[in-house]
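Consider the single chain below, provided in structure tokens and representing the form predicted alone.
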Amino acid sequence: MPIGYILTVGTFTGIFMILTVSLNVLTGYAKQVSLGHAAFFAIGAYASAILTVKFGLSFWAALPCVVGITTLVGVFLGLPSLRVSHDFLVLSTIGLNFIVGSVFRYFSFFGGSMGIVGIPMPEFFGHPLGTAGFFGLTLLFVILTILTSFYFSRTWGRLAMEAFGEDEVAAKAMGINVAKFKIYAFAISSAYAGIAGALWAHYVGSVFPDNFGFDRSIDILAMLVLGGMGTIRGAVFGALVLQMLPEGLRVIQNYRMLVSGGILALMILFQPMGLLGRGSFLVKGFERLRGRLVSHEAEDMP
């Protein structure tokens, strides 16, 4: 198997790991179920494309701007979540996909249906990164995303999000500013998604509205549900499995939506915590095995 193909698959897998970890903040911690995450992905990709192609910025100069833009958009789009229930939030995020896609498709500034092409590969000391270099760059951002998300998972913010995600009335009674932390969840999640979008745009070299449709949001949510909502390991594992599976079984490529939707439905019915989520059968099995090993070690001690 060509090394270039392996690096390409690895790069796309890394991008979707970032996306799934970003959705985990919003849906896993804050329980704000979103079926519009591809919209933030698209905004990051288009923002980086416009800044580099139309305004001549380098990838490195554009990236902080992309993060700022997607964060602001996340805050703005998170405001409706303060006034709607979970069911209506799902419907509004579905609509977000089509609104953002329509804006990019029907406004000439964004390239219309022809998209934006000629997006440059990032350079390092004047030399384009290339396939191997970009894989390393993506891996670096995956590690940074995991580390910062792990740090956040140890903070009061994560506990506050989980509290109002379980019972908003009880969280308010405890003095938690639910509105503030909902906005935080949208802002953090969209910032990560913007980074993933920028990486996508510069690796592929072009962006089109069809790259970021509703099916993409379903894919990202399916990855999170498969791996385990509320856990970083689950988000990473889900992205790894659902990105690698079509490569190993190319015959199902034309049925990607069917496979993703089927996996999502089966996981919700039979293993709602995901394969590596808290309380899943795999995690329980691992904990039992670890308990047995510890007990055997204790018995062997003099």
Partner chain sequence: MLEVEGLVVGYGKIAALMGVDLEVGEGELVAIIGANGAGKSTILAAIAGLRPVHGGAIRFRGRRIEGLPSWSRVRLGLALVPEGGRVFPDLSVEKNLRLGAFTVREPKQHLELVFSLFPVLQERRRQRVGTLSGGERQMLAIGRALMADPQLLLVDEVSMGLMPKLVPEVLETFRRLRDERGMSVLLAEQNAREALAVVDRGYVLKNGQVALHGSAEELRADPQVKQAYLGA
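Numbering follows the first chain given and starts at 1. Computed from a predicted structure; not experimentally measured.
Below, we refer to the form predicted together with the partner chain, which is not included among the displayed structures.
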Checklist entry - Tell me which of 171-179, 223-231, 70-78, 131-139 has residues with heavy atoms within 4.5 angstroms of the partner chain in the model of the complex? => result 171-179
Next on the checklist: Please tell me which of Ile119, Leu89, Ala163, Ile183 lies within 4.5 Å of the partner chain in the model of the complex, judged by heavy atoms.
Outcome noted: Ala163
Checklist entry - Is Trp156 close to the partner chain in the model of the complex, meaning a heavy atom pair under 4.5 Å apart or at it? => result yes
